[in-house]
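Consider the single chain below, provided in structure tokens and representing the form predicted on its own.
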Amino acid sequence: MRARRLGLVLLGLASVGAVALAAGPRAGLLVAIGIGFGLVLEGLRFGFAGPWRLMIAERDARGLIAQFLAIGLTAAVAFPLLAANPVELSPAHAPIGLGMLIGAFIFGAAMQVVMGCGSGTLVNAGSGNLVGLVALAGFVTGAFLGTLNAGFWGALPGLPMASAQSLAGSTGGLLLTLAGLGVLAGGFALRAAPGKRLPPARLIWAAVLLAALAVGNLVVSGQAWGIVYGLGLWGAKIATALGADLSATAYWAEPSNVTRLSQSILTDVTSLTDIGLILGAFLVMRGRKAPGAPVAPLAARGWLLVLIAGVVLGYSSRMALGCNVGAFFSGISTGSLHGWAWFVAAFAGSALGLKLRPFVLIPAARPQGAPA
């Protein structure tokens, strides 16, 4: 067992080194940060979709409160960093619009169908879960298709972009953010069942580590942690490899996207952390003494439904301007008001998704207690 774990550590280091040699030290460091995300999410069973499901179905607020803790810790460092480095660092700010709210609601429902959000889908796939792999293929497809209609959804009525910083300055905005997270945590704790309010030590440590990694990602990449852009880029690259001409599409005709589409994915910071996250989940799963419970086999209809749900998940994430990571976690932790609106819409969608799931009849994609 010790030899196997040593081999896995060496595999991780070799992967980081290979990327560093191919694309530079910064790229290697971002893959290492991504591996860290995977290790925390899979190894400490810290999820996003799963805790929402537990809160709605079982009044278990522990995982959700741990999410608020991770966001608050990230915000406490990110706000001052952004204020001191407004040119070098970019927050995850986006406007609140009708298309975003519809997308977040649909995303919340779809992620309960496949039992995984953006990061959860990567973790599931990295751990070798076949349902997760199929959902990831659908997510990549949907995220790409969503870019083709991004202009339409973005043009729907909405509010001007606003942030906590624009309302109260950097320090005041941070205090507002922390207060809001505290109110949410307290509200969900009051609604939780007895004994299901305070996160266990495992989730507290996971929140601290996740915050440290998110801050590291912000400093190294220059932007907040995200998931969806990288997956949409992968879909676009596959489409162009199959002969599609994306030069006439508004999204992929933007100069920055033209550059990323023409270059290796190892030059895209979101792709690098996505790849690392998959690898980190793989390393954790292979390093465990006993594998998780096997996934129940699916009939052809079930696999098709997983794929369709993955496509919906990816497409709606583009509508919503991000997933649980890019919109909820990074949005709130860097001051964007759209992160709060995203959470409300997606949480409502999750409640609907849990009601729809029995009709879809897709068995659990994760062993009991694992993140999603």
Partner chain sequence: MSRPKVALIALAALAALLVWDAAASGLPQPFAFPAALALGSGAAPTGAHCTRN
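Because the structure is a prediction, the values reported are computed rather than measured. Positions refer to the first chain, counted from 1.
What follows is about the form predicted together with the partner chain, which we do not show.
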Problem - Position in contact with the partner chain when the complex is considered in the model of the complex, options V208, I96, A185, M285, heavy atoms within 4.5 Å - result: M285
Fill in the blank from the handout: Note: exactly one of N85, S166, T171, S247 sits with a heavy atom within 4.5 Å of the partner chain in the model of the complex, namely N85
Completion exercise
Given 257 to 265, 173 to 181, 191 to 199, 69 to 77, the stretch touching the partner chain in the model of the complex at heavy atoms within 4.5 Å is 257 to 265
Practice task
Using heavy atoms and a 4.5 Å cut-off, decide whether A150, Y229 and I238 all contact the partner chain in the model of the complex.
Solution key: yes
Practice task
Report whether the minimum heavy atom distance between V113 and the partner chain in the model of the complex is within 4.5 Å.
Solution key: no
Handout entry: W234 within 4.5 Å of the partner chain in the model of the complex, heavy atoms
Key = yes
Exercise for the section: Tell me, yes or no, whether P91 is in contact with the partner chain in the model of the complex, where a contact means a heavy atom of each within 4.5 Å. Expected result: yes
Problem - Touches the partner chain in the model of the complex: I204 (any heavy atom, 4.5 Å) - result: no
Practice task
Sequence order please: the residues of 318 to 332 with a heavy atom within 4.5 Å of the partner chain in the model of the complex.
Solution key: R318, L321, G322, G326
